[in-house]
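Okay, so here's just one chain, in structure tokens, the form predicted on its own.
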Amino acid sequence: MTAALAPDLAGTLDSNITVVPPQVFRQLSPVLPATGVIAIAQRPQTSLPEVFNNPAPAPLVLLENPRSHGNLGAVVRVAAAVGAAGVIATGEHDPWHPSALVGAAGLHFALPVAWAEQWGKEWAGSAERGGRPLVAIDPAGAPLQPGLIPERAALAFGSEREGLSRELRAAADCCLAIPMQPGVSSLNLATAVAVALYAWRLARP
């Protein structure tokens, strides 16, 4: 099983497994998994400048005030699958909350994930974002198509109910909209992120 699902751990996993009594297991895990297995790892200390200055050509995902830890985790999972440069979340919901970690299937450790309590005006300039163009994903934008997302973009997504703030839209270098059928006002946050990231991926060689 290890060789098929995690070949990089083959030969070393067994030596790092410890069986503990049920009461100890309950103390170690804030959310008890049905598998009866948990992994204990140290949370990386990732700063916003580190994420913005990632030299990778892939876009990073900027979530403005997401309303659900489960959605946050699903976004991290999608971003890791596509190969995004990182995820930044603003607002009161910590992307490293246990519920977000469960939603991401542990993929927080596959890419940089950072948290800021609010959208900062200090990010408004391209230089402060590590040269990344800011792309607002908003219904008022031009229809999203493969090839429209610039290299190293910071893709900004708002919550399903409120969308992006006026300040963030004003700071954006361009605005793109996900085409939807009439009568559909919004998508689930993780779904919107997946659509945008795969539109970028389709344009890659």
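All residue numbers are counted from 1 along the displayed sequence. Just so it is clear, the model here is predicted, and its values are computed rather than measured.
Quick note: we don't show the form predicted in complex with a small molecule, though the next part is all about it.
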In the predicted complex, the residue from 172, 176, 48, 58 with a non-hydrogen atom within 4.5 Å of the small molecule is 176
The small molecule in the predicted complex has a heavy atom of only one listed residue within 4.5 Å, and of 149, 137, 154, 168 that residue is 137
Exercise for the section: Using heavy atoms and a 4.5 Å cut-off, decide whether 68, 72 and 92 all contact the small molecule in the predicted complex. Expected result: no
- Can any non-hydrogen atom of residue 161 be found within 4.5 angstroms of the small molecule in the predicted complex? yes
- Query: Are any of the heavy atoms in residue 194 no more than 4.5 Å from a heavy atom of the small molecule in the predicted complex?
  - Reply: no
Could you confirm whether residue 38 comes within 4.5 Å of the small molecule in the predicted complex, counting heavy atoms only? no
Q.
in the predicted complex, is there a heavy atom of the small molecule that lies within 4.5 Å of any heavy atom of residue 180, even though the partner is absent here?
A. yes
